[in-house]
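For reference, the chain that follows is the form predicted alone, supplied as structure tokens.
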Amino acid sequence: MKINHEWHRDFFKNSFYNPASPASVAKAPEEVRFLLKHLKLKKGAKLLDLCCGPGRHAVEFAKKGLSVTGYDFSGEYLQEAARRAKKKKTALRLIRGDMRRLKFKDEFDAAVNLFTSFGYFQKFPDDLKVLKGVARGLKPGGRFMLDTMNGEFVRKNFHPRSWAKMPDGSYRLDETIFKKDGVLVAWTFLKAGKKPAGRLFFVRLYSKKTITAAMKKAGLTPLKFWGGFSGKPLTDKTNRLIALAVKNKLH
């Protein structure tokens, strides 16, 4: 399998994939409660939701009284986020852009990057640009919460081929191969009466050790790790890696 380095340009479109399924939207309030507990934000605090997608978390944050900036590459997702905010009578500041080119400086009290929206670039320096951009955008002492796949879990539970039934009755075939430091995955959606639709994506796999090193290079100090939004400890048996970090005050 060969993949375009800028694969995300065609992947994140509603015609192919939307991360705001009814089940995912239903989980958002509980996930936001967990995040707010550890971000320790007061009403009116400024929050960056990096790769906010269709805004399922951003709207929940705004409902809690935060000043939320949603940032994403997908224009379609941002339009959906705007509609969701209007329906819920909340205000969002929405910006379209590449997460490697964040322009913020000392603006936010906290930032989040959720639902494995990190590690998409095949060159590690691009991931580092993202983390440095987050650090630059945070006020000194500002907190950052990252939620991604747990690389240790993926390596121990590798399946080169698997099927998943989707909420709309279609099926998704996942075909995965390991690259040097990540996974290359082909998703193919199959639905009766429709042509198969497929795309490739790449995700760099991070462990507690490797994400700690990357964050430190970017001027962020990891504080705590979890294996899920329930607050369970991070182990090689948990499929999520949730990291809380703080911007170094002298950075």
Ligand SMILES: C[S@@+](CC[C@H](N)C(=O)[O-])C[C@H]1O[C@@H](n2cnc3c(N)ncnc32)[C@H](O)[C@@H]1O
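A residue's number is simply how far along the shown sequence it sits, counting from 1. Fair warning: this is a prediction, and the values are worked out from it, not measured in the lab.
Keep in mind the form predicted together with the ligand is missing from the figure; the text below concerns it.
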Any chance N150 has a heavy atom within 4.5 Å of the ligand in the predicted complex? no
Do Y77 and the ligand share at least one heavy atom pair within 4.5 Å in the predicted complex? yes
Given that the partner is absent here, does A218 sit within 4.5 Å of the ligand in the predicted complex, heavy atoms only? no
So in the predicted complex, does any heavy atom of A45 sit within 4.5 Å of the ligand? no
Pick from L92, V154, M145, M99: which residue has any heavy atom within 4.5 angstroms of the ligand in the predicted complex? M99
Region of this chain that lies against the ligand in the predicted complex, out of 218-226, 33-41, 197-205, 65-73 [heavy atom, 4.5 Å]: 65-73
What residues of 19-36, in sequence order, lie within 4.5 Å of the ligand in the predicted complex by heavy atom? P19
